[in-house]
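A single chain, nothing else alongside it, follows as structure tokens in the form predicted alone.
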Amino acid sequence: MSQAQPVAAAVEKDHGPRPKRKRGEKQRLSSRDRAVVVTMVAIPTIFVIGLVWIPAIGSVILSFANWGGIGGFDTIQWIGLKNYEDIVNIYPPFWPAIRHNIIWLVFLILGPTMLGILLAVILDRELRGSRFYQTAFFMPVVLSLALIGFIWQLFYSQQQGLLNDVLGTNVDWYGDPDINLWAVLVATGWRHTGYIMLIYLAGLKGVDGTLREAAAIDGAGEVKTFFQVVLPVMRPINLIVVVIVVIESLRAFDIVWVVNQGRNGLEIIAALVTSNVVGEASRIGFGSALAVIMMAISSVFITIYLRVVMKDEQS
């Protein structure tokens, strides 16, 4: 007699024989199970509605209003599309912020993303000390961008910075509007590289080894195998990375705010939203309109990603 049989016998002795289900009959959940399922679904739903949907809908509504955030809702003045018109036509930091976000996006794609892929390919070979290198490259990912801004201040400081000491210069890397954007991008790329490396390294571990063996038998080199065999197989990973990079470039805020609150050459959309909503001006409606613009741009890429993913699942 197996070990499972005495256990089953003991259960039947205490609770009686279990009723047999008819073929095709669905198992019904008990009241306790239904309560657990409802709780598991309801709690995340409440958090999503309260922390995502309600603020998003509120931002869209307030973007058509003029409100300083002081007083009740009866003090709100509805002005239609005037906030959007003012942003496009008479708000000087807006177009530089759009340009800087685009530069941010292009830089992350061509620089840290490509470097992260290269590191993932190298570390996937199980080199000696690869665990150490993975940890070293991933370490900046666990740090916030605000903290990274402070860390890189040790390199960029005009008076006591390591970079000026090594180069023998006296450059204000964070204060010069002609170069501070690039200085911040380098600091951001330091963190972003490890993140992309980890994602692609996990994807490479899941690639079937027989595909590489077949390519090697056909005489394909490592570079050709990667671009023609491995990379197409990792298409879902590629889509995820594209969406991540786009969202990262749009919601970049921490490091810019730490440096100079998004001014003097570091204007980006997220910083403009914050400076208008919680800044000295406290223009809730105007800041909400900027937030809606940023949300609309992000939604375009997210919608494309979801459409591609759902299309792949159906095919």
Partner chain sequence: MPVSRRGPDPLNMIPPSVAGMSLSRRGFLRSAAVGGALVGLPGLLSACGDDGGGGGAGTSMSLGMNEAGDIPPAQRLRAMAEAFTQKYDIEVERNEVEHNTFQENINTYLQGNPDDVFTWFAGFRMNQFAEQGLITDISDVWPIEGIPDSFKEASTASDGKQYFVPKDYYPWAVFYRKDVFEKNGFEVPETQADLMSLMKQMQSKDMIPFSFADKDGWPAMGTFDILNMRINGYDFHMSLMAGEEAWDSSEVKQVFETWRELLPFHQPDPLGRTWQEAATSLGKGETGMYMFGTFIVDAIPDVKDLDFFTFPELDSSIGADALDAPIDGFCMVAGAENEDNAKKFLGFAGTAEAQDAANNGADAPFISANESASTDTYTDLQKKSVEVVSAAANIAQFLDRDTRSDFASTVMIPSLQKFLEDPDDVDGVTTSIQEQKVSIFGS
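Positions refer to the first chain, counted from 1. Bear in mind that the values here come from a model prediction, so they are computed numbers and not experimental data. In this text, the rigid core denotes the largest set of C-alpha atoms whose superposition between the two forms falls within 1.5 Å.
There is another form of this protein, the form predicted together with the partner chain, and it is not shown here; the text below is about that form.
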item	value
Which of 196-204, 85-93, 182-190, 209-217 lines the interface with the partner chain in the predicted bound form (heavy atom within 4.5 Å)	85-93
The unique member of G71, G168, G221, G80 whose heavy atoms fall within 4.5 Å of the partner chain in the predicted bound form	G71
Heavy atom of each of P55, Q158 and N264 within 4.5 Å of the partner chain in the predicted bound form	yes
Any non-hydrogen atom of G175 within 4.5 angstroms of the partner chain in the predicted bound form	yes
Non-hydrogen atom contact F253 with the partner chain in the predicted bound form at 4.5 angstroms	yes
Partner contact for Q153 in the predicted bound form: the partner chain, 4.5 angstroms, heavy atom	yes
Distance check, T45 to the partner chain in the predicted bound form, heavy atom within 4.5 Å	no
Yes/no, G69 Cα shift of 2 Å or more between this form and the one not shown with rigid core fixed	no
